[in-house]
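Shown here is one chain on its own, the form predicted on its own, set out as structure tokens.
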Amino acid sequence: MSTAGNARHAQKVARVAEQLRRRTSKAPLSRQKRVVSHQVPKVHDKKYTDEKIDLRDFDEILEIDAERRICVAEPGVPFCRLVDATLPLGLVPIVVPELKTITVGGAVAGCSIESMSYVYGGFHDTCLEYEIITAKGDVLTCTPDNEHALIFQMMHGSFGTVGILSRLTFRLIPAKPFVHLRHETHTSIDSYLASIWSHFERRDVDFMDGIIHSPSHLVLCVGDFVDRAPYTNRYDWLKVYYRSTATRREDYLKTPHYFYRYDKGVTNVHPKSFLGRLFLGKFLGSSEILRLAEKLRWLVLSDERPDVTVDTFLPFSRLKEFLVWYAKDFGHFPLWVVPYARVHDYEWINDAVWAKLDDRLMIDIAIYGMKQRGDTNYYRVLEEKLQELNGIKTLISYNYYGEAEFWQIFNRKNYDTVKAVTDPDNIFRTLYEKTCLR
């Protein structure tokens, strides 16, 4: 780490810690960040009226150690800037989320995964150390094997409720300038699942995700880093990546363009029309769309009948059962499919949930932009079905759990243990309050 960068970082940490130590109010406190939040915007989100603590300058890459394949960065660094810095050294983060402006801190707090997750798990699973500022202004260094090991593990999926993440250390992986993709087309769920399992067992590709266009048109997208490409495509203006998987058998992309092939939207692309993409597509990425949705939330969003945007994690052994049920009861396609290795039994999930799981592989079925029909609350239907199938869903969007039910899924004992150290007065709210109450 450079001396100047280290000094700047120490000054930032000291400033925030001192503000927290001097604070006498017990009112809830939200973060003011440079990059827009990638949680699903909600009309009545309490963050809009909370007091704020300014973290906008926590956006510096502090060190890239190419020999050890280690990066140290502040939480506000977006992955697009991180990849720009590491790729010239022949390295990239092991898991790069699909949207350009997701930050490294947000990837930990909100459970980011992508197409290398079938081997490595989530981005958080590649992290080695966190520096955390508690609500009382204490500064803790947390690793998986020091006295703050439980705090380290509980930062993942915490949505900012157990302290302020101020610095991360994480691993990098060798990379090449291009990615060669092959799109395997399947006409049955059985064939599709067999291919996923085969690649998982053999670990014979660098990347694996997929698009289910319909119950009889399932595409598995596998790819590898390569040194050269006969041509390249990019999907950041007129072309739509998920649609290309329905017609192309292979593709070549520059590595950054592969990482952000979904930045205009995974399966709910914006702008939706060709003319909209022609005139506005160059200027409207995920960050701009989210910022507009927040600013215009009273006009464009509804807390009464919100569109279904959710990531559901299914044990591989129950995936066929889920997809058959989903096609009958939901019928919304396409779906994004991200295989996700069970590399660690996360401490923030209830032990009773893990006790029912034998699978080494989970599958994220991402449902984005589904319009709700009739009087049915499809979010709630999903919550109930997932519990039946030993699945779980991320908390990035709308959640309808009762509090007792919520803590049957998430680990209250571990959460309360950490919260007592990092936020005893609950100024960052509890996980249930922040993600389920409106």
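For every residue, the number given is its place in the sequence shown, counted from 1. As the structure is a computational prediction, the values presented were derived from the model and not from experiment.
FYI, the form predicted in complex with a small molecule isn't displayed, but the following is about it.
Novice: At 4.5 Å between heavy atoms, is I113 in contact with the small molecule in the predicted bound form?
Specialist: So I113 counts as contacting the small molecule.
Novice: In the predicted bound form, is there a heavy atom of the small molecule that lies within 4.5 Å of any heavy atom of K33, even though the partner is absent here?
Specialist: Output for K33 is yes: heavy atoms within 4.5 Å of the small molecule.
Novice: Quick check on I102: any heavy atom within 4.5 Å of the small molecule in the predicted bound form?
Specialist: Taking the distances in the predicted bound form, the answer for I102 is yes, it comes within 4.5 Å of the small molecule.
Novice: So, in the predicted bound form, is I396 in contact with the small molecule at a 4.5 angstroms heavy atom limit?
Specialist: I396: yes, in contact with the small molecule in the predicted bound form.
Novice: Looking at 406-414, 33-41, 63-71, 370-378, which lies within 4.5 angstroms of the small molecule in the predicted bound form, counting heavy atoms?
Specialist: In short, 33-41.
Novice: In the predicted bound form, which of the listed residues (F316, W336, Y326, Y235) lies with a heavy atom within 4.5 Å of the small molecule?
Specialist: Selected option: W336.
Novice: Tell me, out of F159, W348, F330, Y252, which residue has a non-hydrogen atom within 4.5 angstroms of the small molecule in the predicted bound form.
Specialist: Contact with the small molecule in the predicted bound form is made by F159 alone.
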